[in-house]
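What follows is a pair of forms of the same protein chain, given separately as structure tokens and numbered structure 1 and structure 2.
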Structure 1
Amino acid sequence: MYQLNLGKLSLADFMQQYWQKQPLLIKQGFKNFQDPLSANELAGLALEDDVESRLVECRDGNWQLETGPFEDFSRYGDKDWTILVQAVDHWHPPAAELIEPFRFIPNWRIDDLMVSFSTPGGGVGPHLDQYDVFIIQGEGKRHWRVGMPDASLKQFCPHPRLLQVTPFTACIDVIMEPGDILYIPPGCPHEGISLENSLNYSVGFRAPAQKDLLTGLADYLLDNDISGKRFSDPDRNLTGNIGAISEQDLDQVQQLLVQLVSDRDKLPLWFGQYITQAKHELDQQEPDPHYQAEEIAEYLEEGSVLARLGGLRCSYYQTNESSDIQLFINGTTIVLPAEEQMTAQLLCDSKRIDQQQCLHFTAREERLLLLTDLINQGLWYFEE
């Protein structure tokens, strides 16, 4: 378990002064930091087909980028490269724990845990991201510089798949040591250059762009075969300009779209499904044979503890206290009765359901059946 230590700063202060506003160095944000994985384990993940990884190398000012799966790393030598592995929380339960201290931001805003291993001199170069990130320094030391957003900076590609930014003025310039944490808001230029072999953990956030939202809604309408209203024009006047698209026709097109995207009955449902879809492969393994509900009840009563599949995205929505709860798990919706808030919270609020909390699920047949189904899909599992 990792515990975030902001020193004199309260979480509320952090939200007010830094979140999405300015970068922050949190010296010893994790005290006595222990890496959840080793450089070797990370390299092992980068060999796997299902895992997304990149290796970035800079030799004599020449940037190279290769994508995994990799076969071995011996040919890269002992300096000037870094390997970055996406969604490590999907594959490595101890590493996934690094996300938990940041769950003061709602689940749906959290993306994944990226882990990088860098040799001395290694880094991806100065760049901007569109998302907030907390970068945790693990083993080794790394020189990090972070600047404020600056419209005069230019982005360019030293390699077709590597986007960098022109030199920036740093407001944070620090040699990070194990347990130090950097918070970087979207648009702040940053660059990390390793001084030693070094591990970095990036807890990244998700912030859909207008296009993503619209595309998500379009997919939802297609999947659910929702056509909506058709354009209609019973009041159309005769016009000589039959080639012209008129303002009145465009008004109606706009109105049909505005009405569709403002449908507050459908909005929470599609958004919940959309935003809980995993962007990376999940390590979902159905237990074989499936469990019977009675078996599960027995294990829970004996004190077993349940863990949520790494990277599984869970949220819920309830219009008001007396309405049904929509529980969104991995892009699907489960409807719970209004009074089942606790059920939704136990499933969504943390990665682990402890011994005491587990008993909530044995107290009611429907809850036990829900849990049985989730376990049999491989979405929750008994933790040893």
Structure 2
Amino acid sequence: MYQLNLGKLSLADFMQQYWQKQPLLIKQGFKNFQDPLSANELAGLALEDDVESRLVECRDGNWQLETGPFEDFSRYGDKDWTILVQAVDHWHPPAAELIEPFRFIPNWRIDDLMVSFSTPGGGVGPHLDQYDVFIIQGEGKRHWRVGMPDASLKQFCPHPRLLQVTPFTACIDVIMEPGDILYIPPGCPHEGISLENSLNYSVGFRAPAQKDLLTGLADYLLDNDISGKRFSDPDRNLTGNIGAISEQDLDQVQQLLVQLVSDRDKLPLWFGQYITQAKHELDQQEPDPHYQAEEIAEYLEEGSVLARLGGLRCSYYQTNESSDIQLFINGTTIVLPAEEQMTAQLLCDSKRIDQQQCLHFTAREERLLLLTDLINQGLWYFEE
């Protein structure tokens, strides 16, 4: 539906010259762009309990932030505020299509689609993020300034939950129009101010911090009762400094930790489960009653098409062509035989499985049973 237009740049050029290196303005990155949702639809999502939303406004230099769900927006007036809704791809299939052109980056790195609506003067102030983002301009116009990473920038909080930065020097200073795309790498300060009522779509990428990875690994070890090796020191020498921690002690502790995270039998299993867990609520609806495998087969053979639940994370890992495949879906692991790579690819790479691809699942009973289970969990569904 949406096709990324990089002009004279190829995707390989973009990755080599810009990805995590410098910001890029892509004029008319989506030609003839049409908004997949309206400001009213976005506001409707912000009324829902299960949807994460926030509203930022600035009146005479006084910043305020409120979190949803909201009841109405009439009291905010007609300027100087922005509403931001996270994970819109979970709730609005047409908007979710905006993520697809950016899947030249592996699935596990893609986070979600955030959509914002701003009145004239609306914005969240100058700030920087620690992840990559593509910002797509929808209806209206917005003035964007983007700078390069600068260690001299200082962070301040005009509101306890708004982390902004001091003024920065812009390398991109532009008024964006519908279909324009702005790529911003991590650590680049940026600020967008709406010139008129406008919509922006932000495709964000996951960049787990070491702290988060270690916390996730610790949770996995606890949940699976994995204690690993214990500290041992059969070659310890006698010392008179009983209060001291020696360099040799620290070396061995470090080695124990390194061995734990470098265990290639456990690492893929933990990471696959960790990275495919949903960060936001999924609009998961199980069919009632559940389908039988025979019903699924009949529908697929008649030409039905399947779609993946918005926001569902799927990845797989295979050591080599002869090893079993670890398929990770929404934080769970399914082990597939080595020859089922196409099954894993269809489930992980395809947001939509067409009629011909669906026949792959009816060709073997094991595939059909797997697909039936996923449909009955509400993770895949028949597309109307």
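Residue numbering: sequential along structure 1, first residue numbered 1. As the structure is a computational prediction, the values presented were derived from the model and not from experiment. C-alpha atoms forming the largest set that superposes within 1.5 Å between two forms make up the rigid core.
Assignment of forms: the chain in structure 1 is the form predicted in complex with another copy of the chain, the chain in structure 2 is not. The Cα shift for Gln210 between structures 1 and 2, taken after rigid core superposition, is smaller than 2 angstroms. Core-aligned CA deviation for Ser74 between structures 1 and 2: less than 2 Å.
Once both forms are fitted on their rigid core, the CA atom of Asp233 lies 2 Å or more apart between structures 1 and 2.
Taking the rigid core as reference, the CA displacement of Ile242 between structures 1 and 2 comes to 4.7 Å.
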